[in-house]
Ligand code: GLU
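Taking the form predicted alone, here's one chain by itself in structure tokens.
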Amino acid sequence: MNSKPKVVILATGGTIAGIAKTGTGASYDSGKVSVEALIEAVPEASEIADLTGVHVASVGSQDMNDVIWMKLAAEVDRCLGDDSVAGVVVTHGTDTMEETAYFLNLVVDSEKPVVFTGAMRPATALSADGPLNLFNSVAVAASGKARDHGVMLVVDDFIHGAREVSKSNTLTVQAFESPNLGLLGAVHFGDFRMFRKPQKVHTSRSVFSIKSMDELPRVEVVYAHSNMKADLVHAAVQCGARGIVLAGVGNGNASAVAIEALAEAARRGVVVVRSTRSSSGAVLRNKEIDDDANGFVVSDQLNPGKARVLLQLGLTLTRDVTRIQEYFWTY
């Protein structure tokens, strides 16, 4: 009898499935390698788990969208609802992997491991990083030690939590960091240990569910900078955004004209969340900006991309800023 745990690999494309013309080519096409070929390329992974693959999408993660998110989340729930499945691995492009992982961290209804992985080098590259990342991800997803840790990213021998992780480098294989709370664990050729559990609510204890959703509300991110005007805030409102995330300077700040435009948007019913373009730290409420007076929400430690994800989901349940602020404290 087969005693190996069953792990399902859900493929969405990305560099890990990319093909270049040469082993040293910097240019490549994302998402060209099938999920079956990815599994065959790492026979060691099949020694530790009974692997099956499902093709979900074939995109570079710059083209990831809400439709694929919903499809992926439904497939994860379907797989994990099978009692014989120990866990799921999602292969994904690195550019927006943290956002997709955080979305699943909020909507997946299971304590079983969900592990994202990817690569900075295409499958055809010399010293490609994808195969070992995939092997380590399978090892984590197959183990009961990884249960109830929320959605994780396993890359470059590290285990990151979906809420904390962010891509911090454009080229190196050490492309991800968890700057505020640190790693969940570390893995070395399949052997791993967990350092801690996530501090915020996730997965099976989340109030969010894709089962009641047909689509996600439109939320735009506006990037703050010196000499910032109000034009992009006005454009977001005119284009029908139900929420705006400010990627603010420092503690979620922006120019006076931009803050006034955001306050006017809030008065018109658009939910405004102040985040920061800084790579670490938290945005504090009612410090530099009077959030109560302006009707703003603050993102706590969530970066702008993840603040957008949580605001999209929050808006499916309420437009009350007090409740949405509580979501940001909770998740």
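Since the structure is predicted, the reported quantities are computational estimates derived from the model, not experimental observations. Residues carry their position along the shown sequence, with the first being 1.
Another form exists, predicted in complex with glutamic acid; not displayed. Remarks below refer to it.
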Quick one: does Gly243 come within 4.5 Å of glutamic acid in the predicted bound form, counting heavy atoms only?
no
Taking the shortest heavy atom distance, is Val138 within 4.5 Å of glutamic acid in the predicted bound form?
no
Quick check on Cys79: any heavy atom within 4.5 Å of glutamic acid in the predicted bound form?
no
is_contact(Met152, glutamic acid) in the predicted bound form, heavy atom dist at most 4.5 Å:
no
Report the stretch among 152-160, 188-196, 88-96, 208-216 that approaches glutamic acid in the predicted bound form to within 4.5 Å, counting heavy atoms only.
88-96
Does the trio Gly252, Val298 and Gln325 actually contact glutamic acid in the predicted bound form, every residue with a heavy atom within 4.5 Å?
no
Report the residue, out of Leu72, Ala247, Ala142, Met120, that has at least one non-hydrogen atom within 4.5 angstroms of glutamic acid in the predicted bound form.
Met120
Since the partner is left out here, which residues of 145-183 would have a heavy atom within 4.5 Å of glutamic acid in the predicted bound form?
Lys167
